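Next up is one chain by itself, shown in structure tokens, the form predicted alone.
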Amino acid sequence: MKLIHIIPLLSLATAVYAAPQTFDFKDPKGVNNAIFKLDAPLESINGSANGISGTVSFDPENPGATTGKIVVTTASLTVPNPMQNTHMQSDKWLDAAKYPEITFEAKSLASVKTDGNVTTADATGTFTLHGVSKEITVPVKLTYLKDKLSARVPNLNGDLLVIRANFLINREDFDINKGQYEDKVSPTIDLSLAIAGACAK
């Protein structure tokens, strides 16, 4: 076979093997976090969680094919008031002992728009909380940072994938005290996710 015929085949092989990258969201710095807010008539509750892990498959050449699963450890959810924190983790509310994880498994992206290294889309997947799974669609922003891992974690080379998302859920959809305590604990929960995943090289 002549060299002129081999070169296109090599290019094709390179394209075929340019597989999506896997990004690990278990952050060694402990910076990744989720914020939750409940604004009821009598009380406003604000808290956070940093027990975040999971993996996301992302192809810089095809961001619309992104899939993955993000996991939040239920016990890592905290609020400033110690008594409220104890109640939240108890079997009367989140039951962290029985349901140790809150997860979102993204299965498909729609309305994908990419500008440079930033992609916005609507991610549809399965959200699981308190042992109940629901299909939801949430807006996401994906920022691909090539060769920036060392800027976040010294002595590690690789890429970063930053995910930002903000969406609402209703606790009653997940069998958490439906129709109860609404004057102090809002049925609507405002969730914000700010996380970065690493693909070491």
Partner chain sequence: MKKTLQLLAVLVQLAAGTTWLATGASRGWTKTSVMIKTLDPVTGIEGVSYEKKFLPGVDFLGASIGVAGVLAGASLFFRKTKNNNHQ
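The model shown is predicted, which means the values in this text are computed figures rather than measured ones. Residue numbers count along the first chain shown, from 1.
The same protein has a further form, the form predicted in complex with its partner chain, not shown here; the description that follows concerns it.
- Shown alone here, residue 84 lies within 4.5 Å of its partner chain in the predicted bound form, counting heavy atoms only.
- Of the heavy atoms in residue 168, none are within 4.5 Å of its partner chain in the predicted bound form.
- Mapping the unseen interface onto this chain, residue 175 falls outside it, with no heavy atom inside 4.5 Å of its partner chain in the predicted bound form.
- The closest non-hydrogen atom of residue 63 lies beyond 4.5 Å of its partner chain in the predicted bound form.
- Considering its partner chain in the predicted bound form, the lone stretch of 128-136, 65-73, 51-59, 158-166 in range is 158-166 [heavy atom distance within 4.5 Å].
- Contacts between 126-157 and its partner chain, taken as any heavy atom within 4.5 Å in the predicted bound form, involve 145, 148, 151, 152.
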